[in-house]
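Before any questions on how it binds or moves, here is one chain, the form predicted on its own, in structure tokens.
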Amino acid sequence: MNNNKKILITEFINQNSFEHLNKKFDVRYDEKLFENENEITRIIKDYDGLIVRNKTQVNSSILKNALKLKFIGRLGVGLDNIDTGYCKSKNIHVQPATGMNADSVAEYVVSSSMSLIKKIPMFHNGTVKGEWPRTTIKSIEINQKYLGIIGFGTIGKKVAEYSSKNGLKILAYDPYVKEINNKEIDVKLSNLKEIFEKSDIISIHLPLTDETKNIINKSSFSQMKNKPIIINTSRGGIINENDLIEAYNKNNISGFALDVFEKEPIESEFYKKIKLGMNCILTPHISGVTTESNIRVSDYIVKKITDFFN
């Protein structure tokens, strides 16, 4: 045990990573603790480090009681559940696991793209209902289609890398990226208007901020000329879900894959709008969670917190 530093873990972590951390520090691990904000608020005063995923709301009411807290490790990349402004003001280091789940998310985007452009959910639903929709549903090939990537950070770049191998032409939009210096991938730096107008598939990789909330909305869908597939693996509030369903029903888009939602778990008012036979894939925020990525993410944060306190 190292200097009796106390670490609190409120969501699931790879078991081997936990055991490694537990040898060096005094660790309390309860993967369901995120459900009890009052308990976290009560006990946080005793802890030097905190490790969370995306369910623990590390808000100012918790942080005001975190008298010893110096390090927050995020087992993932999004930081919208952590009050980073407050942390900065109190000199609490916030460490995301940047890039550690990029391969998992990229694989999800590629597999969803292929599944939806081939209309596999629709063929599946028709077939299990005994309809045999071999000629009534038309699918297309992915080769030489346009993929628009909105947000060109670590994950967006990995999606471009994977997708270029499948013959996709790639447009990327990111206001913080001024040029792309990657000789191996043919990516054109673009704007949102061009992405909406040209893309056959649009994949979103943005953090949820005041600027990005509802950035994909009725106006965006009205500009989409090629009836694209929409894939969101970033944060739910970036797409207006009502506008998305309306765009699908009006045939402005030809399918969608959502791994993230405005409210998680999804509520009945949303899933009542999803009808069997739609060309869609809905998953419970798992695109970045695989056996391999969980090990990488957990090991990375354990190393960072160990280095920090050493």
Ligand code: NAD
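Note that the coordinates shown come from a computational prediction; the quantities given were computed from them, not determined experimentally. Numbers follow the displayed sequence, beginning with 1.
From this point on, the text means the form predicted in complex with nicotinamide-adenine-dinucleotide (NAD), which you will not see here.
J.: Given that nicotinamide-adenine-dinucleotide (NAD) is not shown alongside this chain, does residue 174 nevertheless sit within 4.5 Å of it in the predicted complex, heavy atom to heavy atom?
T.: Residue 174: contacts nicotinamide-adenine-dinucleotide (NAD) in the predicted complex.
J.: Taking heavy atoms and a 4.5 Å cut-off, does residue 212 contact nicotinamide-adenine-dinucleotide (NAD) in the predicted complex?
T.: Yes, residue 212 lies within 4.5 Å of nicotinamide-adenine-dinucleotide (NAD) in the predicted complex.
J.: Do residue 260 and nicotinamide-adenine-dinucleotide (NAD) come within 4.5 Å of each other in the predicted complex, heavy atoms counted?
T.: Residue 260: contacts nicotinamide-adenine-dinucleotide (NAD) in the predicted complex.
J.: Can residue 126 be called a contact residue for nicotinamide-adenine-dinucleotide (NAD) in the predicted complex at 4.5 Å between heavy atoms?
T.: No.
J.: Please tell me which of 155, 187, 230, 116 lies within 4.5 Å of nicotinamide-adenine-dinucleotide (NAD) in the predicted complex, judged by heavy atoms.
T.: None of the others qualify; the residue that does is 155.
J.: Ok, 239, 224, 170, 77: which has a heavy atom sitting within 4.5 Å of nicotinamide-adenine-dinucleotide (NAD) in the predicted complex?
T.: Filtering the options by heavy-atom distance leaves 77.
J.: Looking at 26 to 34, 42 to 50, 266 to 274, 252 to 260, which stretch has residues with any non-hydrogen atom within 4.5 Å of nicotinamide-adenine-dinucleotide (NAD) in the predicted complex?
T.: That would be 252 to 260.
J.: Need the contact residues for 216 to 242: heavy atom within 4.5 Å of nicotinamide-adenine-dinucleotide (NAD) in the predicted complex, sequence order, or none if there are none.
T.: Contacts from 216 to 242: 233, 234, 235.
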